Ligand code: RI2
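Taking the form predicted on its own, here's one chain by itself in structure tokens.
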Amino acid sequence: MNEHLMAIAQDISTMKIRGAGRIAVAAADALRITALESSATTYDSFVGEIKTASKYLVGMRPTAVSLPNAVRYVLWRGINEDMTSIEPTRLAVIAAAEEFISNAKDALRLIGDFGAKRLLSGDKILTVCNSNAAIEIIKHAHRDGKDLEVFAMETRPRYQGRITAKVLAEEGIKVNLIIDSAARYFMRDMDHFITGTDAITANGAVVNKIGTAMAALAAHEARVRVMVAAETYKFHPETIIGELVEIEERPYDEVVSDDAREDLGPVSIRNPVFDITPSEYIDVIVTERGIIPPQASFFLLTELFGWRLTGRDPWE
């Protein structure tokens, strides 16, 4: 396989590239590079190479649906089974990947614009992890002249919330970094809980960084509005036909060092990366197509993917 593809795939697997949007864009770019650098001499060998690369990429992170959805986008638009010529297919794959990357950038701008309209000057906002979409909403509102204060959960064990805190502080926004377990303590003072997501199911449930569901439950209890920021490629098509979302668990050494584990003795260390927030704890989902209630997820999914769901992935 292409060395550049393998390097990007490993960066996704090891979380050097992290965040659902960044993962999706990286996957599309990996397929673009594979098509550009392919030495295949026949149509069949080229398509086989692209499908092998796609399957390899998809295996890197099982929960972030943005990854397979980016790959689907490139394959559905780039490979036409009626074609038999290699060069037009190569150009179509490259064009599809570039289109996906461009659309992803536009989506962030639109999400920021739509979501910012729901924020008022003086609002206090809780956020979790490191979501470009959630950050764009807060940044857009700030640039519109709204005075905001953000409380960023640090998001253990990888501390992605620290990245969010730094980015927003550099924008000139007042930011407080808090430990994850303090979310309920601060929630009573919040006006919004704004989060990104790695996947949205057909029933409007949100799969996101571990700790999101806890914060959403605290927000529901405190009557704080919950806003989910999500590009449409984060909606999970297989959940229409009953597939469950696989929750990834990562190695113990993200939680404790080898020395600390030895001191603990025969203790099992669990490190689930995501949890699931039920739709009843979510007020709105902000997408590049506009703002929808979580109950509308099914209709959006069927519009986006329903006619293509055959039970067979395009890289098979």
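Note that this is a predicted model, so its numbers are computed, not measured. Residue positions are given as counts along the sequence shown, with the first one as 1.
The discussion below concerns the form predicted in complex with this ligand, not included here.
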Please pick, from T239, T89, T232, Q160, the one residue with any non-hydrogen atom lying within 4.5 angstroms of this ligand in the predicted bound form. Q160
Are any of the heavy atoms in M15 no more than 4.5 Å from a heavy atom of this ligand in the predicted bound form? yes
Look up in the predicted bound form whether G21 has a non-hydrogen atom within 4.5 angstroms of this ligand, and give yes or no. yes
Using the partner position in the predicted bound form, report whether I125 sits within 4.5 Å of this ligand, counting heavy atoms only. no
According to a 4.5 angstroms non-hydrogen atom cut-off, is A133 in contact with this ligand in the predicted bound form? yes
Which one of these stretches, 98-106, 76-84, 181-189, 205-213, sits within 4.5 Å of this ligand in the predicted bound form when only heavy atoms are counted? 205-213
So which bits of 193-209 sit within 4.5 Å of this ligand in the predicted bound form, heavy atoms only? G196, T197, D198, N208, K209
